[in-house]
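There is one chain below, alone, in structure tokens, taken in the form predicted on its own.
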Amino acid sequence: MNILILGSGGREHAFAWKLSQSNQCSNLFVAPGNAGTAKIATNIEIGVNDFAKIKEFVLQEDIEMVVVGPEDPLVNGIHDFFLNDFFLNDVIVIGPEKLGATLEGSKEFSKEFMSRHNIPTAAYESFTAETVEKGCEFLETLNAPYVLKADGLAAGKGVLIIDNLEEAKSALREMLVDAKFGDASSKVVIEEFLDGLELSCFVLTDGKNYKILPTAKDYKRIGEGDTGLNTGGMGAISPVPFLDDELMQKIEERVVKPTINGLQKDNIPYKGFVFIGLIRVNNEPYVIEYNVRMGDPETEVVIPRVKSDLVELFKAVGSQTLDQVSIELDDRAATTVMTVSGGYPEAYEKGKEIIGLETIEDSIVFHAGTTTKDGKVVTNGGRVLAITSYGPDFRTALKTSYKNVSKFNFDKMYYRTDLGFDL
């Protein structure tokens, strides 16, 4: 089977690493890919939203499966594009159609979905520029801190948590009236703040049946002790150490099942991943958000713990026979440490040579933001390399990841040394 992965990050490298191990995978392509995917697949210079070029390539290379990594092409309707094209509609696309992708594309849509299907989440209301003063009044009814979420996609930067009421009102006006996040904040969801430990649950579904993948916990803030600016993710741990059988059962019964049943009740066709961001409050699960694809860096710890053939699982998603295949998981823990460019998540430089990668042992190196220049691997993004290791528990796995992070370097390289500090 010829397979195309769309994307260029650590998530896509992890998919390529796993799919390339299947004897059902004949030829593997990644568009646009990175220096890591180039070693195990063929990189193609096509943007993830260039549907016309993607079509041309799919037909030229007889691609039978497309795995969509990032959210953008899903929200822009790439799955619908395939279904509505006579020459493409028999290609398996892993990722929901545009309507399903709205679960991530609009915070208000996902909140209304949760409310309709009695899925536990924080109380909320949404506001526009016309109702901004009503929004300020609503803030007065809440206790600090105040949570403001841009309704649309804002590259992970559209959520503000503010302690001061007047600052929260000012931020709401900036988002709605001054378009701080552009179109993404033309509508803003204000919700109550929930205090607890966060975790992520990953589900693969064919629209009727589902398989729960390993859980993970990621670390979003740039600074030690979860301080500083939000990033795309500085590392992750799987499984979540505080997740006991009782909480997992609550997550499946109160969140996963109502989500999959809700998709069917609302006639939302869905073939792909549901990434459920959760928070545990007094051992009760609440949904913070839905994403309609795998997370990054969580994929770098979740996929290495899936022992089953990923091509087999994806084919079952395509044929809606996920109930007929079993999923086997690795009992070991997996951890990943993300190394980033100096200055990230703000301005940073690219093109820094990475030295010492060949010395890494007992870890998997997933490339996130790299490229090849003059035969050398150089940095090409804010998040550069994810170092994933296995262990009998997360602390042992982290030791291996950190040992290997110390073996390579690039100018101004930074990483957090305190992952797992809160567990």
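In this text the structure is predicted, and so the values were computed from the model without any measurement. Residue indices: 1-based, along the sequence shown.
Missing here is the form predicted in complex with a small molecule; even so, the following discussion is about that form.
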Task: Residue among Glu191, Asp206, Asp309, Asp80 with a heavy atom within 4.5 Å of the small molecule in the predicted complex - done: Glu191
Task: Interface residue in the predicted complex among Ala154, Leu313, Ile288, Val256, criterion: non-hydrogen atom within 4.5 angstroms of the small molecule - done: Ile288
- [ ] Would you confirm whether the three residues Val147, Val159 and Ile279 all fall within 4.5 Å of the small molecule in the predicted complex, going by non-hydrogen atoms?
- [x] yes
Task: the small molecule in the predicted complex: contacting segment from 262-270, 192-200, 165-173, 320-328, heavy atom within 4.5 Å - done: 192-200
Open item on the list: Whether Lys220 contacts the small molecule in the predicted complex should be assessed with a 4.5 Å heavy atom distance threshold; does it?
Closed with: yes
Open item on the list: I'd like to know whether Ala122 contacts the small molecule in the predicted complex, with contact meaning heavy atoms within 4.5 angstroms.
Closed with: yes
